[in-house]
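Have a look below at one chain only, the form predicted alone, in structure tokens format.
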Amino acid sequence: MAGAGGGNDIQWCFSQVKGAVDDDVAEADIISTVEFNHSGELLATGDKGGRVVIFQQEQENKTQSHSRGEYNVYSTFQSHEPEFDYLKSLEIEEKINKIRWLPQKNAAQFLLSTNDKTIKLWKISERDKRPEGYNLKEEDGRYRDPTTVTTLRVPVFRPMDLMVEASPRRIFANAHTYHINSISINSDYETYLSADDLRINLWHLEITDRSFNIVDIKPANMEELTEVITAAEFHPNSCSTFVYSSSKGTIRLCDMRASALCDRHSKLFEEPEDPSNRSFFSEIISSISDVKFSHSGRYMMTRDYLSVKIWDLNMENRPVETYQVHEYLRSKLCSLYENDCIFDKFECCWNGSDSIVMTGSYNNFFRMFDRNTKRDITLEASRENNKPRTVLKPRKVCASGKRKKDEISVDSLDFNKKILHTAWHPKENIIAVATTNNLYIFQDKMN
């Protein structure tokens, strides 16, 4: 890791920042999800205004060998609009909760985007030619009177400026009573799951009018409700296996071969609570906000309020690795409860080789943990050091006692500045980090 000595450590450099500079942020511009596609060439963000912005990595510049392709806007489209549920008298926000890319099969790209209720399959395609020489149409598109056509022309394709079009190919609606928190594409690339607070549904990408309910934890009497589903994901290469996490800190692994309704899990991953850390907030901070399989499929990572845990799928009784993200906040839980920050949902991600994990924190800090060297680092996404190729300086937070020169005291952390969404390029050391309404891109310093 950067700044920690050693020959193979990554030094992270500022590369780009996207988004407005001004401090007064429009609610609609707040980034709500970030996702690289399978090649890493495209990077999609969704925001609270229902928009999806896709950035494309430029081809590498041969003259400047040290500069890897920058990401520039490729396509922007309105994915979801605000709606109103008249039966329940509820407004349905347009905010994009999740984006998931499908592997590329032809020249076009496909992605799924979802708000609280409706999932859409979008096709993103390029057009750089247009037909000319119609017989029944003028060049401006008006139709001719067929009786005036005396000669027949053969239409031809002429080059034109590149146009990127986004069109909705499928709309999967009316299947969720509660808010959708996860979508995950199966490794068969034909089906996907969507999860809300109490149910998980299985869809076929071609069929919009029906889905199969595969998990339902809704009790007959809602007063007996003790937990909700917080995240769900398919295994990266075993197409019958998926996991879902709960607000009680448990992860259940289910196998769809066992039964059509996966109410009985195959495995239950849960760590017994340390009695010495028991407090009023124990249950809230043990709620899992994100679960991600490693690329290899051997491990999964979960994020709760204070830590990241790595689980081996063969061992259910405790995680094989636990990393403290911001343990210094344990003494501040009371004020974090009062300002609602304790309910923030931080996501986590793996690097391409599963050797480093990354997650966000407050004060626009984000954390990386190297699983091999057991080193960790805190970095900051800020416009202060935004000259390209500036190496990021590691940050340190002082929990108590005397503060050293470079350290930041816990009391001066800004809890309104938080990094909830991060993404790691699947093949290279390029990361995307979303602060409130800005997207930062960092890359390793290539010698």
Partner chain sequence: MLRGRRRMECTLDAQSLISISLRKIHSSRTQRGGIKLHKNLLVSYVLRNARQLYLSERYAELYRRQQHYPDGAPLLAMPTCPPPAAAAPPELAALPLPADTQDREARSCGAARGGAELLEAPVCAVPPELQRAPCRDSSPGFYRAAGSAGPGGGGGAAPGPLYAAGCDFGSGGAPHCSSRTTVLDLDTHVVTTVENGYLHQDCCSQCPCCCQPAPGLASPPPAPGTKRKYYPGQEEEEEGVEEGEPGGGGVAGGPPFAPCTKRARFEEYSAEHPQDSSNISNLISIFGSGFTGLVSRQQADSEQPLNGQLCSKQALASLGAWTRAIVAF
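Numbering follows the first chain given and starts at 1. The shown structure was predicted, so the numbers you read here are calculated from the model rather than taken from an experiment.
Heads up, the form predicted in complex with the partner chain isn't pictured, but that's what we're talking about next.
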Contact check for His235, Arg375 and Ala423 against the partner chain in the model of the complex, heavy atom at 4.5 Å: no
The partner chain contact at Tyr178 in the model of the complex, heavy atom, 4.5 Å: yes
Close approach of Lys418 to the partner chain in the model of the complex, 4.5 Å, heavy atom: yes
Gln104: touches the partner chain in the model of the complex, heavy atom cutoff 4.5 angstroms: no
Residue contact check: Glu94 to the partner chain in the model of the complex, 4.5 Å heavy atom: yes
Candidate stretches 150-158, 207-215, 338-346, 185-193, one within 4.5 Å of the partner chain in the model of the complex by heavy atom: 338-346
One residue of Thr241, Asn363, Thr118, Ser79 in contact with the partner chain, assessed in the model of the complex (non-hydrogen atom, 4.5 angstroms): Asn363
Interface residue in the model of the complex among Ser259, Ser296, Ser167, Ser279, criterion: non-hydrogen atom within 4.5 angstroms of the partner chain: Ser279
Those residues of 217-235 which, in the model of the complex, come within 4.5 Å of the partner chain by heavy atom: Lys218, Asn221, Met222, Glu223, Glu224, Leu225, Thr226, Glu227, Val228, Thr230
